[in-house]
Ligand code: HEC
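Next up is one chain by itself, shown in structure tokens, the form predicted alone.
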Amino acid sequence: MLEPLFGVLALFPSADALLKAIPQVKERGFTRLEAYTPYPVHGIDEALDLPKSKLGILVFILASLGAICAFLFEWWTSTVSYPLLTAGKAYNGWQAWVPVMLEGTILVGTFTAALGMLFVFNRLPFFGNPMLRSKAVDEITRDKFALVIRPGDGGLDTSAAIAALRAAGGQAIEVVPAPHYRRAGLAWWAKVTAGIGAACLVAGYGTAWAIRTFPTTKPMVEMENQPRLDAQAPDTFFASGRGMQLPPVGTVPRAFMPVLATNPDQGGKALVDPLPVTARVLERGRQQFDIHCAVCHDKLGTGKPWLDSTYEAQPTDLQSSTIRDASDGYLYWVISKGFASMPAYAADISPNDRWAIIRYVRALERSQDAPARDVK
């Protein structure tokens, strides 16, 4: 019984010679062709009419799934399992999860590309490619380029195939048989799995033994003993000798709105409260008022400080007619720039919170001296 035929092979000295030979062989009616090259050759897929690989689609789908799984893991951890408030940020602040999502995408995408190429498209663990038994395999892996005419549904006329390859400039032509190979069975997979498990155990216990035996060997201690700088600590790296550095001159923080008016009267004319009168704004104003203002102006804004007699300043009575008649822009300028004994709070209170405080002050004024139309 004759051994089944894999194809007829010919070698070519260069990639250009191979690319020129492919259309010549096709003109003789041979369309089922394969090429073997020592390095990727641009245009070879189009010349052989090979379909676009589905590996990229598979990698895209599973890499996207990796990103989604990482996002859901971060969301569940940060918002459901262990919600932790960090610097006032929202629990579901997805921006901080991007590094983990990126790592999940890369991890799953890389494994999909490698395992998909090997096991799905190259059909490993089938190691019996007939080309490995050809005489030309050594030269193909060095500097020669091979073209193989494969049998079609009706078989292959080897004489015509040899003539076509020789006419196209092929050298070292040979007929490559296709011996029968058995696919890996359950026993083979069991051995491979056991071998991988044994290798993992040896590597794990070996690493643990090395760490216990040589605890101070680099790089094992480099992650644990990293240089660090505590807050407010001195540091010789900077000329100022301080670890915490001031921002560069002229730095403007986000959402910063400069107050250009030079006095409160100008501010009263130029500045307008942009916030609506809502329960949320008033509640925010009350919270900020209690934090920053009540200690001097009293909870009701009467100007009676909570401090003892050593505090000699005379806070303004926010219930007075002077403050009632002042515009919102006037009060905003005073809070931002400071006035008399009151310091500037622009660095401590955001613009919107300053306007919210003014809204709350207006509510306090009406609560203590409500007009008749507000009394029911």
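Everything quoted here is computed from the prediction, not taken from an experiment. Numbers for residues come from their place in the sequence shown, where the first is 1.
Form predicted together with the named molecule: not shown, discussed below.
Shown without its partner, this chain lists Cys296, Ala163, Leu102, Leu115 as candidates; in the predicted complex, only Cys296 has a non-hydrogen atom within 4.5 angstroms of the named molecule. Among the residues Ala35, Ala70, Ile323, Val59, the one placing a heavy atom within 4.5 Å of the named molecule in the predicted complex is Ile323. For the three marked residues, Leu271, Leu282 and Asn352, no heavy atom of any sits within 4.5 Å of the named molecule in the predicted complex. Contact between Ala313 and the named molecule in the predicted complex is found at the 4.5 Å heavy atom cutoff. Heavy atoms of Ser53 never reach within 4.5 Å of the named molecule in the predicted complex, leaving it off the interface. Of the heavy atoms in Ile357, some are within 4.5 Å of the named molecule in the predicted complex. Thr31 falls outside the set of residues with a heavy atom inside 4.5 Å of the named molecule in the predicted complex. Look at 59-67, 22-30, 45-53, 336-344: in the predicted complex, residues with non-hydrogen atoms within 4.5 angstroms of the named molecule sit in 336-344.
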